[in-house]
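In the form predicted on its own, a lone chain appears below as structure tokens.
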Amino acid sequence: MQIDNKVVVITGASEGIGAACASAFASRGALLSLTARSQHRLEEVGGKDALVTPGDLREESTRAALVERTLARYGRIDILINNAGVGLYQPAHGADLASVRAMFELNIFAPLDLIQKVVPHMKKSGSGAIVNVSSIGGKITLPWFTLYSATKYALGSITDGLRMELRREGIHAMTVCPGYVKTGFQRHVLAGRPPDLSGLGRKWAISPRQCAEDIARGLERNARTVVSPKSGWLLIALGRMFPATFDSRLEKIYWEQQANR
């Protein structure tokens, strides 16, 4: 897919992967429509040319305004990047259900509603792309992040289904599975304390810019799934080939973290 002159909607665009995507797509000639809660940060990221729609994506009114304002300015939506998300570091057997619902609302229901609002317009033009930012945790359940992993598995499955539903309409769907990206994600979790993964995940940490470039290049080649960094595919393969051994290793890491708390 060619990105030049495409209208791109990016959620969670005020920082991290979303902000890096704004830069990566703008450098390829895209027309940007950005949303997040901070108007100030959106204006910094998007500059004078981007359309910004501040608000909480868990609110239907914010999602409706985002789509309506984008169509009013540009007349179309070519690419939707569902990047906004939040984490929860609590075990599934004891997690606060209000926090779990809030996470599912932002990680699953908000992107699904945006997809449903955008797809009819893509169908009219006979083209488009939906990019759902999942996680390596959407391929391998991380025991310190079980319920977050569940949302990302669900988002990946939705994307796979959309690809089959919409391909004949000219609409492509792509899943993105970042590993450990150096962002402020852990500062914004709903509850719980992130584990110390020094020497493990952080050893393979990548920048938001690298992840955004992988996303843009994935779209350009119509990829089904982008894992960033690519070395994450090895982790996924090991988990599938040796599930019991892999579970034992993750379980050991989990309990080591619990003992150090």
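Fair warning: this is a prediction, and the values are worked out from it, not measured in the lab. From 1 onward, residues are counted along the sequence shown.
Just so it is clear, the following notes concern the form predicted together with a small molecule, a form of the same protein that is not shown.
Heavy atoms within 4.5 Å of the small molecule in the predicted complex are found in exactly one of 175-183, 160-168, 119-127, 67-75, that being 175-183. The closest non-hydrogen atom of A84 lies within 4.5 Å of the small molecule in the predicted complex. With a 4.5 Å cutoff on heavy atoms, H188 counts as touching the small molecule in the predicted complex. Proximity of E43 to the small molecule in the predicted complex: non-hydrogen atoms within 4.5 Å are absent; the residue sits far from the partner. When contacts are judged by a 4.5 Å heavy atom cut-off, D56 counts as touching the small molecule in the predicted complex.
Put simply, of A150, L106, L112, V100 only one has a heavy atom within 4.5 Å of the small molecule in the predicted complex, and it is L106.
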